[in-house]
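Just one chain is shown here, as structure tokens, and it is the form predicted alone.
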């Protein structure tokens, strides 16, 4: 069960964020509204929310998931692969330290972003991407092992982050699309296959007894509900323009 969630209010410089989506510039007012709806969905999940102020110096800072990894035993302050985002992790450390006695850090030459880390029970799958390198993954695995946890690396080529293309929804259910449909590491899961044209729906989060997913994917929603889960939809169009998904907008622990 998650007790806490950290989010950060979108900043005025949001439109300058990193993107490869080719969907146009985000509408700041609409992004603010969608972020508020995201927060409203989280409130329905029975968690205590910490809402951080905007950071205009970091256009991508609304995507707090990349700055830290929250485990049951420690918080790992990451080292983002995008140079422009390195300062976000440093600013997240004092916030995360309010909740954790044990603080670990990814050090150079390692890079690691939280969007590349998927927790499945006591095991963590770590995507090797353009943002997370082998050195970062190796450091994280060593940290996890110190706390009785485990990790393994998953190479990827099609997506920005591991969780861009797959999401674990608990109860052995995995949303997956593209290259993750055939990964041997995931063969034992009950996979909800997301077609390529709906790939954005592959990023969702299970927060206690509810699943939060992007709005507009009724077939995928029905498949999740068929497995006995309650779904909350939130509009995400403006964050999609910045390569961001539902998981990117929060730290959950």
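Just so it is clear, the model here is predicted, and its values are computed rather than measured. Residue numbers count along the first chain shown, from 1.
There is another form of this protein, the form predicted in complex with a small molecule, and it is not shown here; the text below is about that form.
S.K.: Between the small molecule and 66, 85 and 248, in the predicted complex, does every residue show a non-hydrogen atom at 4.5 Å or closer?
M.R.: Every listed residue reaches the small molecule in the predicted complex, so yes.
S.K.: When the contact criterion is heavy atoms within 4.5 Å, does residue 161 count as touching the small molecule in the predicted complex?
M.R.: Answer yes; at least one heavy atom of residue 161 falls within 4.5 Å of the small molecule in the predicted complex.
S.K.: Whether residue 242 contacts the small molecule in the predicted complex should be assessed with a 4.5 Å heavy atom distance threshold; does it?
M.R.: Because a heavy atom of residue 242 falls inside 4.5 Å of the small molecule in the predicted complex, the answer is yes.
S.K.: Is there a heavy atom of residue 131 lying 4.5 Å or less from a heavy atom of the small molecule in the predicted complex?
M.R.: Because a heavy atom of residue 131 falls inside 4.5 Å of the small molecule in the predicted complex, the answer is yes.
S.K.: Against the small molecule in the predicted complex, would residue 18 count as a contact residue? Criterion: heavy atoms within 4.5 Å.
M.R.: Because a heavy atom of residue 18 falls inside 4.5 Å of the small molecule in the predicted complex, the answer is yes.
S.K.: Given the stretches 224-232, 180-188, 55-63, 25-33, which is the single one in contact with the small molecule in the predicted complex, using a heavy atom cutoff of 4.5 Å?
M.R.: Selected range: 55-63.
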